[in-house]
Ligand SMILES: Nc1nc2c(ncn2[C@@H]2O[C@H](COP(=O)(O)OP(=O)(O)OP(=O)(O)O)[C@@H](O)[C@H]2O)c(=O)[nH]1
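The chain below stands alone and is given in structure tokens; this is the form predicted on its own.
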């Protein structure tokens, strides 16, 4: 009789900036599925915000280095996976690994085949790619987005409420199927999906990947960049569009809500098309709750979150990702919303 597979399943959650990955993670963490989840975060941005946006659900949150998961960050990911094996064994049933919105999923997948301890302890269950229905066409030419779609075992077509026209939805699905005809497409609003369609689905098949990319495993080996003598190892760490940058702002103080609201409106009016993603946690004067905001291009959503904890640092944290971002202008205009002490 064949031994039961005791390896921990890993769901790799990818998708372009603003597609709703963190929203889906929160949905999974709050759902009644009886599984203990370890979350691994990877952010593109100078200031870590995503881990603060994930609900308190008693699950382990690990944050990898800034930027794309490639050779340098792979080492960090392997370290985290080893830590899970050595210190947290028996304390979780699955892993959710969220990549940055500018990540090529390939190096992430390779990580699970380059280290024996990792390979023996974990198995990739599925690559789930979130797709922003509203802004998909705008970023279709981005190589990162095309790779995220091509690698997917499940495509979650999110934010469908923003494109209610059925013909437009069918056209979008046809474009996704043209890139990846084998991936199942799951419709979603607000990051809500039937969890049995994305978790424990055993959707990942390395043989299929190798059929599409025969050299895929060629550079799936650990290396030290400075001393690497593997001619087949790709050390191109600038996989994402180098014109896409991030600006992080960290500033103490209380914010005037009216000034903040005017600032957001003027910012989006002037630069909305160039802002691929914006997110942050703010300290508004007179409020005991955190003010959390997220935005994609011209769309912005901000609302009160949980209450600040007594010992919590109330520093305002914001991250902008996009093109032609003026760091000085963004920073100074935001700080103008802080109430003078």
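Positions refer to the first chain, counted from 1. Please read all numbers here as calculations on a predicted model, not as lab measurements.
Only in words, not in the display: the form predicted together with this ligand, which the text now covers.
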query	finding
Answer option from 162, 270, 174, 140, heavy atom within 4.5 Å of this ligand in the model of the complex	162
28, 296, 282, 38 - the one with a heavy atom within 4.5 Å of this ligand in the model of the complex	296
Candidate stretches 257-265, 187-195, 86-94, 103-111, one within 4.5 Å of this ligand in the model of the complex by heavy atom	187-195
Heavy atom of residue 22 within 4.5 Å of this ligand in the model of the complex	yes
Close approach of residue 320 to this ligand in the model of the complex, 4.5 Å, heavy atom	no
This ligand contact in the model of the complex: residue 301, any heavy atom under 4.5 Å	yes
Exercise: residue 17 in contact with this ligand in the model of the complex, heavy atom 4.5 Å	yes
